[in-house]
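Before any questions on how it binds or moves, here is one chain, the form predicted on its own, in C-alpha cells.
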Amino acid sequence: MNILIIGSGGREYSIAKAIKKEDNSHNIYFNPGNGATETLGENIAQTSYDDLALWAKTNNIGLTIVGPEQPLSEGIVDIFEKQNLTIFGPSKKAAQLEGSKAFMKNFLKRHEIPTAKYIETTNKTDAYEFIDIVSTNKIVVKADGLCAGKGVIITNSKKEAKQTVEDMLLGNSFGKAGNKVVVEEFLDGFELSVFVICDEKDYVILPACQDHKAVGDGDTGPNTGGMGAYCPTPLATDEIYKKIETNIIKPTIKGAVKDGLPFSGVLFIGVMVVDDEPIVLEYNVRFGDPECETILPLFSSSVFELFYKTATKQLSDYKLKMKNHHCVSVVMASKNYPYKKDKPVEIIIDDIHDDEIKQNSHISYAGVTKIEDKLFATGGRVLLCIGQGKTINQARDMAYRLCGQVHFSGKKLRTDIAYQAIKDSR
C-alpha cells in the first residue's frame, strides 16, 4: 500500500520503521519528513492541506497517518475525509481536547472525569484569586493553546505562579497560545502516559509508558517535549489499569460522542496517580514523543493493521499482542536545548560490532538534516537511542550502550531514564 505520514520527528520516523519492518512492500511518503526519513521512503513538499489531499488522491495513497498535533488541530483529517481518503486521526472538533486546555478541563468537569481543581481565565485578577486559595505552594500554570509540549509551568510559590500567569497573558512566554491560561492545583504522585486507540466506538488500550519531561537528571530544569521514556512501567498495576479504564477511558469516549465529537485515532491521556487514584492531567490527540518510539518496538501484532483498522472503523477485528519485553528510549539533544537553537553539527555513528547491541537496539531520527550525504543535528531533539530487553535494566543498558556509539558536538542526554522503575525493581 502507498502510505503517507505527516510530520518530521522521531515519532513519524518510528511509525514508518515499524511498518516497514513487518512488511517492506509498503511505499511510504513523508510530509515533510527529515534528513533520515529518506532511508525509509520519500519526502514530499506540499505546503497546504488541500494540495496535500489532492496529491494523496492522485498518488493512490491508501492510508495517511498524522503524527503531530498542529495539523490535527487545523483540520487536516476533515479535509482528507472530504476527498474520501482514509486517514488516521481525530477531526478538528475532537482535536480540541488537546488544542485548548480550557476546552479539555471543561470537558473533564462536564463528564465528571477526575482532574485537578482549576480555573481557566483571560483575567489576571481571577487567576490571582484562585492562586491565593490553593492549599499548596506548588501551582501549575498552563497556556491554553498548543506549545509543542512546553506550555506547562510548575511553579514553586504563589508569587512565582502569579508572575507566570502575567507573563503568559501578556504574550511574553508563549505568544497567542497564552492569551488564556489554566491554573490548577499541583498533584503529588507519579505520572503515566496511557494511549488508547479509538475508532469512535471501539478501543484498544496500550501498555502504559512513563515519560521524562524535565531536561536534566533527577527531573531538574525546564520541561521539554520529552528526554526519554520506558515501557511498560511496573508502576501501573492491574488495579490502576482497571480504574483508568472505568473512571477515565469509558466516560471520555462516551462523553465525546455525547458532545458531538466522536473520537478516532490516538487518545493520549496524561495521568497522575495520587494514592492509587488516577487523575487526568491532560489529553493529547496523537502519540506522545518519545513514548511512540518506545512502545512500537514492543508490538508483536501488526502496527500497520492497528492504524488501518482504526482509520476504517474496523478496530473490533484487531487483536493486540505485545512482546513480553521492555523498551527504553534515550533522547540525544542539541547543546542548548530547550533554551535556544544550535548551529548544525555533523553526527558520527561508530561501526557497531557487538551483536547484542545490533539485535537489541536502534536509532530513531528526529531533528536531523542531510547535507551532502551526511547527517547533521539541526533540531532541539536530534535522535533517540532505543534499547530492548527482557527486563527494564537490560533495556536501559542497551539504550545507553547505543548512546555511546553516537557522537556530535554538544550532545546532551539524561543519564537516569527509567530511574523510577529501576529503583522499584531493586
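Numbering starts at 1 and follows the sequence shown. Note that the structure is predicted; figures quoted are calculated from it, not measured.
Absent from the display: the form predicted together with a small molecule. The rest refers to it.
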item: Met322, heavy atom within 4.5 angstroms of the small molecule in the predicted bound form; value: no
item: Exercise: Asn223 in contact with the small molecule in the predicted bound form, heavy atom 4.5 Å; value: yes
item: Contact of Lys213 with the small molecule in the predicted bound form (heavy atom, 4.5 Å); value: yes
item: 4.5 angstroms heavy atom contact with the small molecule in the predicted bound form for Asp199; value: no
item: The small molecule: the contacting residue among Ile244, Leu296, Ala116, Leu306 in the predicted bound form [heavy atom, 4.5 Å]; value: Ala116
item: Answer option from Leu261, Val204, Leu108, Val152, heavy atom within 4.5 Å of the small molecule in the predicted bound form; value: Val152
item: Whether His326, Glu356 and Ile392 all lie within 4.5 angstroms of the small molecule in the predicted bound form by heavy atom; value: no
item: Which of 135-143, 345-353, 157-165, 246-254 sits within 4.5 Å of the small molecule in the predicted bound form, heavy atom basis; value: 135-143
